[in-house]
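For reference, the chain that follows is the form predicted on its own, supplied as structure tokens.
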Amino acid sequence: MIPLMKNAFLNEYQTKEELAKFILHTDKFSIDKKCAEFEKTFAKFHGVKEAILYNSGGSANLALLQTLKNLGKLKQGDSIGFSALTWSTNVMPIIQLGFQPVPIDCEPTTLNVMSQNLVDRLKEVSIQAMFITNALGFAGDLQNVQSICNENNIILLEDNCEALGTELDGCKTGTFGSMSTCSFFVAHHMSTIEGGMIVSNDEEFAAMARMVRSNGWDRNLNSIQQHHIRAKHEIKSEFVAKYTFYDLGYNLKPTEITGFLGLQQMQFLKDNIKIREKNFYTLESTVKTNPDLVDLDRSHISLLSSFAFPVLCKSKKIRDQYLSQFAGAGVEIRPMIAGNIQKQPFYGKYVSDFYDLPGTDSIHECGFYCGNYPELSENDLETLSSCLSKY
């Protein structure tokens, strides 16, 4: 069988050995120096000022929107655009925090929201923020999306949980928006078992995101930020500040194990991405010869950090044939993430306004994906190529 993933970590034996040593010798397991070091290393990888570590990517998504609400950048009832092909934890916080979700259609050939999709939706409805998902390692034309958001005073946010390391003209996904999120779930590009991150160049956003992560208090702020917020609220002693809560927050803190694992996995990340891209090219060459399948457009992507290998068939009937072909070869497969999110049971329970999403419907009905990771052997790639050959 070829599973979606083979190991919990890259270089798994070495990582487990180092983790065992860390657990035996560390004096502190709650959020501390390893988490802070991982944040700095991750921010440097993206070329941004700030990174804030969380206990999951879903928590990072929730904290991102709560941060903007706390700062008054978004308010109750504001409309938030989002990629219609996405994951549940991209959309659920929009609903949970009292915003109005507005799905933006995705282009089948890129699997993502393109600038024209956003322009088309803005003809029907205004939005105050755009929470775009960079799906399965791919991305839309983010430079153009960014320009449209700037022109219309729309806050651009990125869910980059599936595209860690992908680049457009040398600029990494996750750096086009005011803030972006990443996930370190065990099946993602790099694993801390569970874990997530917000990255941003905005220090005000980052400070609030740290408070949102930790119950709304200021313990993880730097001394200047602590002085400012304590002066603002007339908190005059360190004793009182210990249990002062300045705004709405949660307990979304990671552990030092998360920080340690993140640092361990970062050293393998660049090679990991290169191998994933190489695997993708190998499998893509078979897709190009098969008239049953759509050759995805990555012409605007300069470095593809492939999360998985997406397969888009030219009809639902053809997809059903290839699902059988993959299953028969022992290949584990999944739908195209959550598909058209409007079709998910939770969505209709809480949202009354639905939109036509022909592109996303096509992806939903005609697509699926299989795993892509460095541990795939030559035999594995041959099996996957065989499955992608004309049925």
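The first residue of the shown sequence is 1; numbering continues from there. Note that the coordinates shown come from a computational prediction; the quantities given were computed from them, not determined experimentally.
What comes next is about the form predicted together with a small molecule, which is not displayed.
The candidate stretches are 263-271, 160-168, 220-228, 118-126, and the one lying within 4.5 Å of the small molecule in the predicted bound form by heavy atoms is 160-168. Out of the listed residues 174, 195, 81, 140, 195 is the one that sits within 4.5 Å of the small molecule in the predicted bound form by at least one heavy atom. This chain lacks the partner; the member of 188, 253, 298, 73 within 4.5 angstroms of the small molecule in the predicted bound form by a non-hydrogen atom is 188. In the predicted bound form, the small molecule lies farther than 4.5 Å from every heavy atom of residue 66.
Contact annotation: residue 246 falls outside 4.5 Å of the small molecule in the predicted bound form, judged by heavy atom distances. Interface membership of residue 89, defined by any non-hydrogen atom within 4.5 Å of the small molecule in the predicted bound form, is confirmed.
Though the partner is left out of this view, residue 359 does not reach within 4.5 Å of the small molecule in the predicted bound form, counting heavy atoms only.
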